[in-house]
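Before any questions on binding or motion, here is one chain by itself as structure tokens, the form predicted on its own.
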């Protein structure tokens, strides 16, 4: 287990009352270190059952911390006890707050979780970069033909980072809408440093969406998609206790 060194742009968050305005997304980077027992006390019976399905102890610990912190952060917006929050789940497993207008999404990779909170549908994805032997094959199966061609046009030395940019941007969008991986082919994103949607083939409009780079640390790539034009991200770090 190791501690992730977050970028300085992710300023420390102290739990308390907080509000998110329209055209704003709050992003929380959460290193999955600390005492899991201090966070599992807020989990529901269903969440504890999910946690107990993990056979590897470290995976159970990361689940408890990530979902416990999720409840703490959301409670700061709602003014409620973290344990009292109730969730509903869509057909592809995306959770929503029962009876509350606040939108959120959670992602995790290795020893880091990332949480997005907004007033509009929002999705977030974070991945720790690893060497991929079959990078081009994966892209051919999961990316659109335009994105696959864009990846192949790059020098090999640039393909790994471009792959992760594309993957996280696409995952963020389908998570915002609560869709499955079958929806990855109905839109195109730019693979360059500046995140942007290039086209939709599912009825959505480019002017209705914002795509943001929310990469939290070296070797991690993060993206956030929110159905809100001109959205801006505020980035925080939440150190579990």
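Numbering follows the first chain given and starts at 1. Note that this is a predicted model, so its numbers are computed, not measured.
There is another form of the same protein, the form predicted in complex with a small molecule; it is not shown, and what comes next is about it.
Contact annotation: of the candidates 108, 148, 103, 159, the single residue with a non-hydrogen atom within 4.5 angstroms of the small molecule in the predicted bound form is 108. 184 is the sole member of 184, 43, 211, 36 with a non-hydrogen atom lying within 4.5 angstroms of the small molecule in the predicted bound form. Annotated contact segment (heavy atom within 4.5 Å of the small molecule in the predicted bound form): 60-68, selected among 192-200, 23-31, 211-219, 60-68.
At the 4.5 Å threshold, heavy atoms of residue 75 stay clear of the small molecule in the predicted bound form, well away from it. Residue contact check for residue 51: none of its heavy atoms lie within 4.5 Å of the small molecule in the predicted bound form. The small molecule in the predicted bound form is not approached by residue 99, whose heavy atoms all lie more than 4.5 angstroms from it. In the predicted bound form, at least one heavy atom of residue 93 sits within 4.5 Å of a heavy atom of the small molecule.
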